[in-house]
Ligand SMILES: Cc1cc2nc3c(=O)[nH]c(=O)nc-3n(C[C@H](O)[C@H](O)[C@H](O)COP(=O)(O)O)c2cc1C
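Just one chain is shown here, as structure tokens, and it is the form predicted alone.
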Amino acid sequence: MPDLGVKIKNVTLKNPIIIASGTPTYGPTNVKKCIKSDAAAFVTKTLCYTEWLQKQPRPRWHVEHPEAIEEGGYFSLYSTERLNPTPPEEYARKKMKEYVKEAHDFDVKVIASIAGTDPQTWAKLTDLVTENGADMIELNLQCPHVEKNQPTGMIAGRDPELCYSILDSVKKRTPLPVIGKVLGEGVDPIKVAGRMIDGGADAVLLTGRYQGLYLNIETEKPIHWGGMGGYGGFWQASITRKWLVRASEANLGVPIIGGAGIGGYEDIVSYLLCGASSVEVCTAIIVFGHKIVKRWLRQISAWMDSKGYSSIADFSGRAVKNILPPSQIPGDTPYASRIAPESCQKCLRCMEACPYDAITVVDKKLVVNLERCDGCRLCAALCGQGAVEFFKR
């Protein structure tokens, strides 16, 4: 078996999969599932002192295109899931303390997620989770469910200097490794990550969900709970890969954790290839269940075996050097398309979409006029039957 172990400062994780903070990590039943899932760690649901953030709206979930989930398709999860409903002292001193004991029996690390609103609450929460057995601390500077002037979650995460100040104050109070969650919306994540690292972050997570809005156009009101929600899904993977590559190029000097967008083991492998040292996953756990982690670990090990890799370090970041900058992408290579009549269902989508009017019907067959064909590949991308062959002239 390949060695899947990774390190964040002085903490060794048995593999690169961390179950991110959320409903799948809250409550004894879900915590047991986290521990038995074979994930290397789980992040507690975020502790905070803000009372309204401890109250969960009902309903709070909406899924766009649920039929796409099983196919790994581009569905979206939309929710207004708030923070830990248990008061911080009760959670840390009773629940988390017990979770840590059980988790360590299975070599699973417990990462405490906290969200203060001022220096005093950041300090109280840091001391609380440090004293009650957490292996690492994660600062929730991503949460979209905060008021405009409330200096926490995504509001704080948009301010690089405030992020620096929070990291600096937390690091001065704890010997534990500290992870900063970097926002992906309305900021330069690499700049924010850099200031977090300047403040002492031992790792940063790139990135999280966006804030979004669904409207019922008949009532002219937001759906379900009446306000905005967190918005994300597997479609975020390509965006996360971009920021992982940018982080690798910036040589930030600490482990980078890949965040939103994971829907399958291929996404995990791709994040590692783009420079991540580990990943956090939540949406896939919500829609597939904790059991998916075991399958992913088997698939990652099989992929590593097939490539001859014996450890994560053997391939972490290897794809970065293969990514061409815009000016080096060839602009004059001649390509064209042709349509296989035996596969074509004559839906005419390619013909109607072709920007160059290169596709016509000849003798009841779709034919590509090679003199007009630009080689853009739109027809091949749209064809659901695989009837379009794209070739180099």
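Given the structure is predicted, the values throughout are model-derived calculations rather than measurements. All residue numbers are counted from 1 along the displayed sequence.
The form predicted together with the ligand exists for this protein as well; it is not shown, and the discussion that follows is about that form.
*Asks:* Could you work out which of 126, 142, 316, 278 is the residue within 4.5 angstroms of the ligand in the model of the complex, going by heavy atoms?
*Replies:* Contact check passes for 142.
*Asks:* Does the ligand get within 4.5 angstroms of any non-hydrogen atom of residue 61 in the model of the complex?
*Replies:* Heavy-atom contact with the ligand at 4.5 Å: present for residue 61.
*Asks:* At 4.5 Å between heavy atoms, is residue 20 in contact with the ligand in the model of the complex?
*Replies:* It does: once the ligand is placed as it appears in the model of the complex, residue 20 has a heavy atom within 4.5 Å of it.
*Asks:* Using 4.5 Å between non-hydrogen atoms, is residue 208 touching the ligand in the model of the complex?
*Replies:* Yes - in the model of the complex, heavy atoms of residue 208 and the ligand come within 4.5 Å of each other.
*Asks:* Is residue 268 close enough to the ligand in the model of the complex to count, meaning some heavy atom within 4.5 Å?
*Replies:* No, residue 268 is distant from the partner.
*Asks:* Any idea which of 215 to 223, 256 to 264, 91 to 99, 161 to 169 reaches within 4.5 Å of the ligand in the model of the complex, heavy atoms considered?
*Replies:* Heavy atoms within 4.5 Å of the ligand in the model of the complex occur in 256 to 264.
*Asks:* Which residues, if any, of 76 to 91 lie within 4.5 Å of the ligand in the model of the complex when only heavy atoms count?
*Replies:* Read in sequence order, the residues that approach the ligand (within 4.5 Å, in the model of the complex) are 77, 79, 81, 82, 83.
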